[in-house]
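In the form predicted alone, a lone chain appears below as structure tokens.
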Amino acid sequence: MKTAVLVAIGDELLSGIRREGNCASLVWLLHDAGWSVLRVEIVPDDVPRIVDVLERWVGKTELLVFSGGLGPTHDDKTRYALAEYLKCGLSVNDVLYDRIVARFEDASWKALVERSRPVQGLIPVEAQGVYNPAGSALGIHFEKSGTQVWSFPGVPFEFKAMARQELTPFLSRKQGESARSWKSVAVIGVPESLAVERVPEIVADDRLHISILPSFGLVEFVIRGDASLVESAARTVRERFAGHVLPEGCVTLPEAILATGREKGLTFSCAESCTGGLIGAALTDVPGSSAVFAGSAVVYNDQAKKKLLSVESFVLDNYGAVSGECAESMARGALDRYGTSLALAVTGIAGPDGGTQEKPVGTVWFAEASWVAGEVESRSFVRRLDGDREFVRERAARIALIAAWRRMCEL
């Protein structure tokens, strides 16, 4: 199997100011093409540390990809590290940089890009420049000791555009090479330890590489290996967890809700209080969500609940905003306002303040409302979630998505 090493460069990644996403996105592309990723590393904007990576991996992997450190500022060190490793100087690649400048019609933008030419156009003389179709910093490429080395800017949309442009030829499977693939099967409502116990023969099969990825309420099996073995293993997992497996091709709950809604001709809406729009945001992250998802009413205070969802004062005065009665009234209000097949509501106390002895912080009520035989049916349930405000909100959104998908399967 062909191998690759991915390296993200940036002090901001090690300090927590920014999260690394470029290498993570490229990993999936590599796995899809049958490559094995040996290592993903994060190193600071430091010439010796970058040179050390090159010395450790050139000649030991077929592909080495760097992300970051090619901008115009003092902390962008990658081009200088590559030149030091190659023991050569740098020169401006005017031919490629002219193509970048020519893309900009506005005179002020053109002048700004031109100012960066002396730095962003610099390429080690023993390497080749790489045209950037989405930004103004040139990439860098060279081959040494059987290793193809590519360096792209760290701005995510620039990195992705250049990776697609330059790496596609290297990711195609060679003739005669055995077909390898991967499949993901997502299971909800089953703890990780029990999930593994149900498919012991698959986990123990040394011809397969099995990754078990648990998250709140969901366990994902990522199965990699020869295509025929992967297909058989995925089928077995689906059979063993019948009733708990997300639809084929879906690895997230929003994907499952939208796929099931499209299959059954159902539509969905939300009413959110303590989650503040997290459910709607998760659903609209999926392209084409409007075919199923109508919208989410974020009703944080009592007046909004009354005005937008017709929650009655009697309900709020006698049961409170954090109650099954209020949650069901919110769900019915969303069902009516959006005209959907199914609606789900969430209301709770995320903290750190606002809790009482009867309703402590972390108390969250959920409700579903749907049309059944021409009548609206609703039901509610409560969960007590321990943790800080972010934890309670995120877990509440996940519980709501699980409930919505299960209800969709029932309708």
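All residue numbers are counted from 1 along the displayed sequence. Nothing here was measured: the structure is a model prediction, and the numbers come from that model. Think of the rigid core as the biggest set of C-alphas that the two forms share within 1.5 Å after superposition.
What comes next is about the form predicted in complex with another copy of the chain, which is not displayed.
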Inset, instruction - Establish, in the model of the complex, whether L38, R56 and G295 all lie within 4.5 Å of another copy of the chain, using non-hydrogen atoms for the distance. - result: yes
Inset, instruction - Spot the stretch among 230-238, 323-331, 112-120, 84-92 with residues whose non-hydrogen atoms come within 4.5 Å of another copy of the chain in the model of the complex. - result: 112-120
Legend entry - Contact test in the model of the complex: T168 vs another copy of the chain, heavy atoms, 4.5 Å: no
Inset, instruction - Look up in the model of the complex whether W150 has a non-hydrogen atom within 4.5 angstroms of another copy of the chain, and give yes or no. - result: no
Inset, instruction - Report whether the minimum heavy atom distance between R99 and another copy of the chain in the model of the complex is within 4.5 Å. - result: no
Legend entry - Close approach of D76 to another copy of the chain in the model of the complex, 4.5 Å, heavy atom: yes
Legend entry - The single option of G280, G139, P254, G261 touching another copy of the chain in the model of the complex, heavy atom within 4.5 Å: G280
Legend entry - Heavy atom within 4.5 Å of another copy of the chain in the model of the complex - the one residue of V315, V245, L266, I210 that qualifies: I210
Legend entry - Sequence-ordered residues of 316-338 touching another copy of the chain in the model of the complex, heavy atom within 4.5 Å: D336, R337, Y338
Legend entry - Is_shifted P44 between this form and the one not shown (CA, 2 Å cut-off, rigid core): no
